[in-house]
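Here you get one chain, nothing else, as structure tokens; it is the form predicted alone.
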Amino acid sequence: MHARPDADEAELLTRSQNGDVSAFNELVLRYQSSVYNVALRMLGDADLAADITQDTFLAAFRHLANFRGGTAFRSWLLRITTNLVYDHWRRQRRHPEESLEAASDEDDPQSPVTLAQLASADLEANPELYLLHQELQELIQRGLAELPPEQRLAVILCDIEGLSYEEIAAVMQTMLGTVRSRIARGRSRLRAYLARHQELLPRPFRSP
């Protein structure tokens, strides 16, 4: 089941569709961080991610009348973001399309190392680890860049942005089984990549 907007968001959407720019700006403030983070993790380029973020909201505003609420607004926005990222890659002739539909749809086994934990290290509690954290984020980004685009997107949406499988299926316009497959395979590849660079992982996440 797709997440439904709360009453406040529903009102903002209605006002925005009626041409209220201030209401749309409220939606921008609510979701710009999520849009930017997905673009940044997919592309690995802060300036390009900022451009994609701006283009996402421009496109969303132009096509807001087409949004009917069949999916969560966040999912709709991130679908636009994803399309813009893929458009960029097509222009650059990168990441040729590849079919991952035959991947196993078994759920990923439990692992002590999760991307969500690694990507949200508590710097306030450990300010002396700031430089290590920066190195870790660069390592995670390099690991994500090693994944096929569809696996990368599924892992980012699930483990960094915290979307449900249903929301991810809406963003990626695919079946739940395919979402599970992409997440499982992406996590497996990312774990293997991080295991080869354990010296950069915080001590609690290193293998004994």
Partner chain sequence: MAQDHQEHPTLEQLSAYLDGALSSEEGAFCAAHLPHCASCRSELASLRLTRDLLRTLPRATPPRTFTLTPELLESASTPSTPSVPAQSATASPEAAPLLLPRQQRPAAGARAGHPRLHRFVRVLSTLAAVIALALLLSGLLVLVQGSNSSSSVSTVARPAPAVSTASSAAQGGHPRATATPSTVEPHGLRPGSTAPPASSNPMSGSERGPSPTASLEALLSAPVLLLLLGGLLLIVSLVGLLLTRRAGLPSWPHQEGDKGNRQATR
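Positions refer to the first chain, counted from 1. Just so you know, these numbers come straight off a predicted model, no measurement behind them.
Just so you know, the form predicted together with the partner chain exists too; it's not on screen, but the next bit is about it.
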is_contact(residue 25, the partner chain) in the model of the complex, heavy atom dist at most 4.5 Å: yes
Could you tell me if residue 155 has a non-hydrogen atom within 4.5 Å of the partner chain in the model of the complex? yes
Should residue 43 be classed as touching the partner chain in the model of the complex when contacts are defined as heavy atoms within 4.5 Å? no
If we define contact as a non-hydrogen atom of the residue within 4.5 angstroms of the partner, is residue 167 a contact of the partner chain in the model of the complex? no
What are the residues of 74 to 93, in order along the chain, with a heavy atom within 4.5 Å of the partner chain in the model of the complex? 76, 79, 80, 83, 84, 86, 87, 90, 91
